[in-house]
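Quick setup: one chain, the form predicted on its own, written in structure tokens, and binding and motion questions come after.
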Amino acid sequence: MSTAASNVLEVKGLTKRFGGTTALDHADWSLAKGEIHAIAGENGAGKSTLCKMLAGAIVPSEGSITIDGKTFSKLNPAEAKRNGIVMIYQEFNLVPELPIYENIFLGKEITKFGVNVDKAAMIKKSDELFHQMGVKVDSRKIIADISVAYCQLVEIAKALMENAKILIMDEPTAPLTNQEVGILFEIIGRLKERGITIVYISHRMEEIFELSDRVTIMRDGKIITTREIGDIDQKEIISLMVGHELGMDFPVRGKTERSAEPVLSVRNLTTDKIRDISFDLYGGEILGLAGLVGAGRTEIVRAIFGADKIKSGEIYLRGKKTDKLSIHKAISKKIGLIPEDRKRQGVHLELPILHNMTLLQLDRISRLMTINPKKERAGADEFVKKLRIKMGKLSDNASSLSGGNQQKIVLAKWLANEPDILFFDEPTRGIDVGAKAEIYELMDELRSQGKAVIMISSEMPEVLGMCDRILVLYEGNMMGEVIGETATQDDVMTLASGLKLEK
């Protein structure tokens, strides 16, 4: 499979420098026709940089790319597509104001007699694409009104419209449910049968072993090795990724006593998406919210935080009833929300890293409406070290960071505000195993400090491994509570499917 004769793509000495930072260092690599080739590595290892150069989004500093015998020193996006390379980016390339079907056909609209746009034909074709994928999606819905999971499905549908020889998928399953992941795997299998080569970037080891023919491991901008998937195990991949062996996935729960009284109480909370939700949250615990995509997990914390309108219900902070919170009031009352979609809601991509990190500290680092640069930098430097953020300079825009390091910037922003209550919505989505372990340790540290934490995650081992209690939702309703230490995946999935546990 790795012989030159069967290779559809080869790169030689491919290098990319951003200022003084080398993001990819003289990579030699190849892809065989019809293989599923996984790329594993920590955030900042160079995975996305390599693939974006193949897709024409980044211009190489050195090296060459050979596709079916044709050699290029660089590609632009149009050239990459003409040569059969299509990439589904981790950052969605969708127009929020347009409906799904218009996003799918943007730039390649179906017309009647070559003049008028044939809306009905585009809707019909879009529906056919989703039917092929095995999912039910109303293609007339506006992108801004659909969830992250459905945005991902739209991106996949867009890619299926292209005549791809090489399809690059960057963390495609990160926001998907188990059912949606299964559908995606079926699609990938059908593409492979048609001779399409799949490049699959993922931090989920089980996916790499289930799907891949070969795996390439990257670290610090270099390709460490490429191996047949049958010749390597998970432990060795992780060791090669981080340069050393990692310990346990989840920190051992300490003996932190939770607060005697709840720091947050919710009674009969109802919005357009959730109904009659009641629960208590205590200091010194991590409370999990579990359920399938669309169950209402995110909507609960957004309502409490003041981001979504509440129809009815009451919220109590430290035993005192509070008026419906606005985002500004929630922040002033030391509540923080690390959102599910860091690109759209968590980080300002075109602002410097420094300003992103200190956005909630302006009153503390300013005097007479003037920011004190020394205080601003000192606070940022502290979190760069604490969270082990890999970056160039604090003055660089946040868009220059890898996805995992952007997530750390969001964490730094909220931790700098010294919150007592923190909502983590999919905190490790698109994060590598090393960074995941660091975030788990951070959350455990917050728990041991007596902070109150709510964690939303679609990864079942994460929910079971991190949470003291787990509340399970189904279609906007609370189905029940299970204890983290004794709960099983079957327990959670039973409740998440709308069923009751057998006693």
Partner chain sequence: MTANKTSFKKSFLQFYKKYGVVFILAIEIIFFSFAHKNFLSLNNFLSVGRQISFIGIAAIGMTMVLIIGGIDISVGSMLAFAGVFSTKILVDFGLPLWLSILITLIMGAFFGAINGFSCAILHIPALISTLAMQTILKGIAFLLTNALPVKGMTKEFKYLGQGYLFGFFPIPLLVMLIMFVLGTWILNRTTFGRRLYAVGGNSEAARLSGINTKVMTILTYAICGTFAALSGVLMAGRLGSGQPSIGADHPMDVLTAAVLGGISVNGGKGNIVNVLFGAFIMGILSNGMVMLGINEYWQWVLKGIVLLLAVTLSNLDVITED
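Positions refer to the first chain, counted from 1. Because the structure is a prediction, the values reported are computed rather than measured.
There is also a form predicted together with the partner chain; it is not shown, and the following applies to it.
Enquirer: Taking a heavy atom within 4.5 Å as contact, would all three of F279, F424 and V453 count as contacting the partner chain in the predicted complex?
Expert: No, none of the three is in contact.
Enquirer: Among the candidate stretches 93-101, 223-231, 78-86, 360-368, which one is within 4.5 Å of the partner chain in the predicted complex when only heavy atoms are counted?
Expert: After filtering at 4.5 Å, what remains is 360-368.
Enquirer: Which one, R344, R267, K311, K108, lies within 4.5 Å of the partner chain in the predicted complex by heavy atoms?
Expert: Checking each option against the partner chain in the predicted complex, the one that comes within 4.5 Å is R344.
Enquirer: Which one, A120, L351, M161, I142, lies within 4.5 Å of the partner chain in the predicted complex by heavy atoms?
Expert: Contact residue from the list: L351.
Enquirer: Is there a heavy atom of K408 lying 4.5 Å or less from a heavy atom of the partner chain in the predicted complex?
Expert: The answer is no: K408 has no heavy atom within 4.5 Å of the partner chain.
Enquirer: Can you tell me if K320 lies within 4.5 angstroms of the partner chain in the predicted complex, counting non-hydrogen atoms only?
Expert: Flag for K320 set to no.
Enquirer: Quick one: is W414 in contact with the partner chain in the predicted complex, heavy atoms, 4.5 Å cut-off?
Expert: W414: yes, in contact with the partner chain in the predicted complex.
Enquirer: Does F305 reach the partner chain in the predicted complex, with heavy atoms at most 4.5 Å apart?
Expert: Residue-level check for F305: yes, a contact with the partner chain.
Enquirer: Even though the chain is shown alone, can you say which residues of 395-411 have a heavy atom within 4.5 Å of the partner chain in the predicted complex?
Expert: The stretch 395-411, when checked against the partner chain in the predicted complex, contributes no residue at the 4.5 Å heavy-atom cut-off.
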